[in-house]
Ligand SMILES: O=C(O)[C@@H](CO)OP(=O)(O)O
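First, one chain by itself: the form predicted on its own, in structure tokens.
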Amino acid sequence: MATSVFHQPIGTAQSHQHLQNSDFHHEFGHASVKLTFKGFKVETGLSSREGFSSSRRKFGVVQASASHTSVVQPVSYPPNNSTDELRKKSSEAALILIRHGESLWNEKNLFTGCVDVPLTKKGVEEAIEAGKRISNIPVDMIYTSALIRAQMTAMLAMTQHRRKKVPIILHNESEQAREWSKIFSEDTKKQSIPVVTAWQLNERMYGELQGLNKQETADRFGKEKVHEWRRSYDIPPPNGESLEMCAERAVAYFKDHIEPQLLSGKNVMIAAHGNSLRSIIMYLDKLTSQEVINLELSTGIPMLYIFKGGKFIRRGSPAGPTEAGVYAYTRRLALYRQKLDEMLH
């Protein structure tokens, strides 16, 4: 099967959930804009032959708290017998996935894994470009990994967003952290986007390969063995994680914490890593274990999904700032963009 690369430029979508909150009215005065994704032509991407499945694994990782503070309106799953009904009734929402920009160890061709390495200058530029591509797509919540390269990508991307809301990392490590980071202005809260960090969205832990040069590793262990560790689904490197193990924690977190936000109609952005995002895409697109190992994600290129009626519809990569593409603007979307232009200029 040919490798699937998600980096084609195919157009910008401007969209928003049924606007339930008042922050749009605060930004735009008395103007009221109500937008849904109705009118989009749905074109699915990769074929789906097998749903996501994984056996239970245990991880030697210290879990960081990702609970919400007062900035976030908590959302939880309903009882199991009503989940399907809620999915059918759920509002439309946008889901944006961004793999972080180039890191200093990417540049040096080193295995990075869960080592906390920042972005290069190129990585900063990629994050800013990613922000331009999603500058017209509403974002209500942001999730990142616990690693700085993903957090930098999210923050830099949001500097380009046209609504100019401020992303604020939530700190729940202790009662003191919660108290010291509290926001006391309701207006300021409305102009903020909560950012939740979670170790479950971290890159695959590469074990004894972390910090090793990839070419030197191939010379030491053999090219075929290193290729097996990197590209197989269920074979981990020494004392590290396989993609299957990474998928278990990343998908479980997505289902438990992020999907409820989408069900409630919130638009979500996730800034994370190649393997944790491949794992989530495997779940969203119902890819097989063979399909997911052939999936490649480019750094700094956002992927857009529409969540509607409990289903995820992959729209591809927003290619801003141009407007040409497959999103096939409906009149509602065109009106939304026109109003946005008028009100922000």
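In this text, residue numbers run from 1 along the sequence as written. Keep in mind that this is a model prediction, so the values were computed, not measured.
Here the subject shifts to the form predicted in complex with this ligand, a form of this protein not shown in this document.
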{"property": "Position in contact with this ligand when the complex is considered in the predicted complex, options A198, L110, L95, M245, heavy atoms within 4.5 Å", "result": "L110"}
{"property": "One residue of R230, H161, R178, K190 in contact with this ligand, assessed in the predicted complex (non-hydrogen atom, 4.5 angstroms)", "result": "R230"}
{"property": "Candidate spot S91, D140 and K266, all three touching this ligand in the predicted complex (heavy atom, 4.5 Å)", "result": "no"}
{"property": "This ligand contact at K255 in the predicted complex, heavy atom, 4.5 Å", "result": "no"}
{"property": "Non-hydrogen atom contact N106 with this ligand in the predicted complex at 4.5 angstroms", "result": "yes"}
{"property": "4.5 Å heavy atom contact, K214 to this ligand in the predicted complex", "result": "yes"}
{"property": "Partner contact for Q261 in the predicted complex: this ligand, 4.5 angstroms, heavy atom", "result": "no"}
{"property": "Stretch in contact, per heavy atom within 4.5 angstroms of this ligand in the predicted complex, of 152-160, 178-186, 129-137, 201-209", "result": "201-209"}
